[in-house]
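Given next are two forms of a protein chain, the same chain in both, each as structure tokens and marked structure 1 or structure 2.
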Structure 1
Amino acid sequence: MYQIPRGTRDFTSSEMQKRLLVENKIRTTFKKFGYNEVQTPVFETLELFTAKSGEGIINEIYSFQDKGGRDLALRPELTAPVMRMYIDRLQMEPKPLKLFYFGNCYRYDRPQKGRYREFKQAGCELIGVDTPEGYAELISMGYKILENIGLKNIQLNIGNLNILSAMFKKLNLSEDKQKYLVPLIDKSMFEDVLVALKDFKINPNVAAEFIDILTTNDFKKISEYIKEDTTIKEEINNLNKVLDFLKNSFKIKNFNIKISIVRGLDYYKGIVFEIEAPTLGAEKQLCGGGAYELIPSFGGSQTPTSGFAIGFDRAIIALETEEYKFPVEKLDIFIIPVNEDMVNKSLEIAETLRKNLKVDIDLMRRGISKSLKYASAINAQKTIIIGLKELEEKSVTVRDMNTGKQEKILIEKLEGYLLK
């Protein structure tokens, strides 16, 4: 008995219907925003991922040597491969470039609900844009994708890493101290942040105010806290414009300011955001992204870039948790030849109807009653029964599987009857 590898899954046809439905809705939304689909290889050079994330990532990914001794890795995410493709082939294309993608990714992670070793990721990259309206459109697209697939309970959180850096600067925290605090802030471990600030000899009142700003949703309060830092003034103004665009142009009201979003990756700069499904508990993040600087690390010219990734599998779990009613895929026609002599004509009719309809045919010669039972089980909307008497009259019997009503229809008029 062979077992499926740990952290991977099989998908039945009914599960695939759900996945394809969600994928098509996501793809449609991307295209409505002017994005074009791209695809990259499942494996890349190992160096591509260590250059972006450091050598430590080797413990988290599936890496191997090929028969030529080259160090390769199954992709753990899709941003780095798309950036590599951009540098290889797209740098001279007119800007902005709006790219989106779907693909399976692989991480050597501890499997749990919503987290697998093989998982599907959907995402996008916006290259050449650093305007507030560009960021607002990107964020709104992520939000609307999740709305359009059918989710009702989602929460958008928006932060800014440059503002967080200004807050660190206000406390005169060294780079090492900032690096110590960032993982704690990322996990919302604010009590531990307070303890660390005490160890760093920060005044308790100053530390408490720092935590208050980290956790407030009041943008005016955040701006006031760092108003003395003139270098951050433009960043504050731009973030304020992004928020205005979201509220007034994109009609998104349900968002929080969350300066504690850090994304946990060094290449993110400036605006960042996350979208959560509160019904999922601890593993609730469905979408995350923001502005980043990555192209120069791969040898390309400095270009504004931003994007996001959607946890495709987790989004489906969120839909199921909300008890979203996935439509059942139906078969248009199931053809039943009454006996072996009718098979040839049945196949001929099936081939004609498949130009416009989803058509299946009984291939097991099991008789009318069993074939009707099977047609019902596979959600056929109509059956076509082809017998000797019908053929002599150049007609067939069409049965509506929902009502049980039957009609004799001339074969020459059959397609028109079924398509009306």
Structure 2
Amino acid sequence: MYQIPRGTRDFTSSEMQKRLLVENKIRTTFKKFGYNEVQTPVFETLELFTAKSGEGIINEIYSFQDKGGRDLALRPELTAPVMRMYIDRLQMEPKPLKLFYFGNCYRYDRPQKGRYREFKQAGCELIGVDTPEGYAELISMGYKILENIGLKNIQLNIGNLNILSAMFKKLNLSEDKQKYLVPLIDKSMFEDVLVALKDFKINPNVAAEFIDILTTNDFKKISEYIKEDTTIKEEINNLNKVLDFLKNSFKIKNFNIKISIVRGLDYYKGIVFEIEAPTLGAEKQLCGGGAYELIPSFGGSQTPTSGFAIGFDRAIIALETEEYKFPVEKLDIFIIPVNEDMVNKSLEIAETLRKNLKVDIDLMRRGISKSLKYASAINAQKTIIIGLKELEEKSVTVRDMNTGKQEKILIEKLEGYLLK
């Protein structure tokens, strides 16, 4: 016996069936929004990822040298590969460019529920668009994908990094001080933020107001707070439009403004969002994304980009937690030859019916009783019993496995009978 590597999983056919179902629902939704699927390699040059996220990530990814001494890495995410592909091959495509993808990703993390070393991401990139309606469509698509796969209990939060910066600016906080605060804000440790602001000699009332704005869900209050900053005016107007589109055009009611959303790395700009499943505990984030700037640092020409990624495995776990009823795989027909002499004719009938139906046949020469039991176990909808008595009348017996009712059907009329 060999053990499966830590943090990886096998998927049995019943698990695959659920996964494929969800994957296809996601795919369908992407396509309905005009997105087209792309695929990139599972491994890339290590540099692609260090360029994007810094040398620090080497500790958290699977990297190796190939036989030619090249530094390579299993992809830890898909935005960088897709951007590489865009710069390689797609820069001259008509804009906007709407790309989506599915792919296994690899991270050297401590596994937990909803967190694996090999995991699957679904996601998309929107290239060439920076209008409010573009961002609103992107966010609502993320929300609707999760809704369409059957999730009931999800929460959408929207933030904006430019607004957060403007708030820092208003308090005259240095880069260093911001860098100290950002992780605390990200983790919603507002008590600690308050303590830090006190250390930074910020007036307690001003600090309290700052926290209030970070935690409020009231957009008017936020825009009021930074209204003197004229450089941010357009950002605020645009965000306001995005929220308006979400509410009135896309009919999404339950979202929160959450200025404290930071998202990991530096390349996010402006609007950011995340969707979480409150039922999931520590690893509850299902979807995250926003506007980002990556193309110039990869050597392409400046174009607005945004996108999001969905944690596919977490979405499945969330569905299971909500006790979503996945449909059971069914077999249309199971054929039972009564004895060895009937095998020939039975195979022939199976072959004919397979043109239009999912058909299985007893290959173990078992008796009727055991075969019926097997047919029941594999969820066959009907069984066809083929024996001498029937064949003499050019017929077979068709048994409905749900009702137990049987009928004798002429072989020439069998296909029509089963398809009706």
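What you see is a predicted model, and the numbers here were worked out from it, not measured in a lab. Under this definition, the rigid core comprises the largest set of C-alpha atoms superposing within 1.5 Å between the forms. Numbering runs along the sequence of structure 1, starting at 1.
- Each of the two structures shows the same chain on its own, and it is structure 1 that derives from the form predicted on its own.
- Superposition of the core reveals a Cα shift of less than 2 Å for V42 between the two structures.
- Relative to the superposed core, D66 shifts its CA atom by less than 2 Å between the two structures.
- When the rigid core is held fixed, the Cα atom of E392 travels 2 angstroms or more between the two structures.
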